[in-house]
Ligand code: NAP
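Encoded as structure tokens, the following chain is the form predicted on its own, with no partner shown.
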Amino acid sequence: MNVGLIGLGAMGEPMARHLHRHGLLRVVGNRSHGKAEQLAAALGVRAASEAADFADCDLVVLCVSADADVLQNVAALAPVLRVGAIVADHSTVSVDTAHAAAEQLAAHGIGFLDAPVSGGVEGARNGKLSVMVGGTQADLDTVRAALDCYAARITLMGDSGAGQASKAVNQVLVAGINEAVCEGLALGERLGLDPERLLPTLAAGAAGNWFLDKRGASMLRDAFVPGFKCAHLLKDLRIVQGMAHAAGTSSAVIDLALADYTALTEAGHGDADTSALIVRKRRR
């Protein structure tokens, strides 16, 4: 399988390295071309300067920031990829964007999987991501060997759009856990509790969770190196809020997190890890 990857950010670059380690990566692309050239030179693959550079790929993986980026890349790839090729999008975007991308590629005989991931930068680096997929079983079977390079779990959630719908649910849980952990640890600080005793005690009980384990100690040291950026979660929450309103379900957790991460981003913390939320929780 010849694989190309577009988007060499905190998640995309380690994915590319895993693909290369398994002998599948052929070409990389990025909005800033210099970053693609640098990684391509390090790995001995090609750096794409235009969509046509992916023409010989059986699979093109997208790991970009926004809905517009996905649609722009899909529009550029559709005329140049061969019939039977597949695009797998690991970005977090709306269900409508996933449907639009799938329809545009299908018109050219190209498959599409909306396949957002969860597990953070650590999951990408360690090849332990959870991948939630929307699309056909046949397309997933075709590219599973590539996704296996960086995934601990790959699940077909349903037809086109089901991957992004699943990621929306994931982000509600992530946002709610962030709110609870940051608020709780801010209270622990104010009450004068020893973090070296508090954190393992909490982790061993019902309050234990990934965010507490991976970010608890660092946030108490005011170390907010991403990780997952506040601005990126804010973007996701805006998508999820719209989906919740359209579905007619409660959005209390989403609304609270959206307000908090909007304030953090406006205060200049957009590029900080989402655990920077504790800065806001320390003040009433």
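Just count from 1 along the sequence shown to find any residue number. This is a predicted model, so every value here is computed, not measured.
Although it is not shown, the form predicted together with the ligand is what the next lines describe.
Colleague: Using heavy atoms only and a 4.5 Å cut-off, determine which of 27, 64, 59, 240 is in contact with the ligand in the predicted complex.
Modeller: None of the other options qualify; the answer is 64.
Colleague: Taking 4.5 Å between heavy atoms as the contact cutoff, choose which of 218, 250, 32, 49 touches the ligand in the predicted complex.
Modeller: Exactly one residue meets the criterion: 32.
Colleague: In the predicted complex, is there a heavy atom of the ligand that lies within 4.5 Å of any heavy atom of residue 91, even though the partner is absent here?
Modeller: Contact with the ligand, yes.
Colleague: Going by a heavy atom distance of 4.5 Å, is residue 133 a contact of the ligand in the predicted complex?
Modeller: Close contact is absent here: in the predicted complex, residue 133 is far from the ligand, nothing within 4.5 Å, heavy atoms only.
Colleague: So in the predicted complex, does any heavy atom of residue 72 sit within 4.5 Å of the ligand?
Modeller: Residue 72 belongs to the contact set for the ligand.
Colleague: Heavy atom to heavy atom, is residue 6 within 4.5 Å of the ligand in the predicted complex?
Modeller: Yes, residue 6 lies within 4.5 Å of the ligand in the predicted complex.
Colleague: Please name which of the stretches 50-58, 37-45, 224-232, 252-260 has residues with heavy atoms lying within 4.5 Å of the ligand in the predicted complex.
Modeller: Stretch 224-232 is the one.
Colleague: Can you tell me which residues in 106-126 come within 4.5 angstroms of the ligand in the predicted complex, by heavy atoms?
Modeller: Contacting residues: 117, 120, 121.
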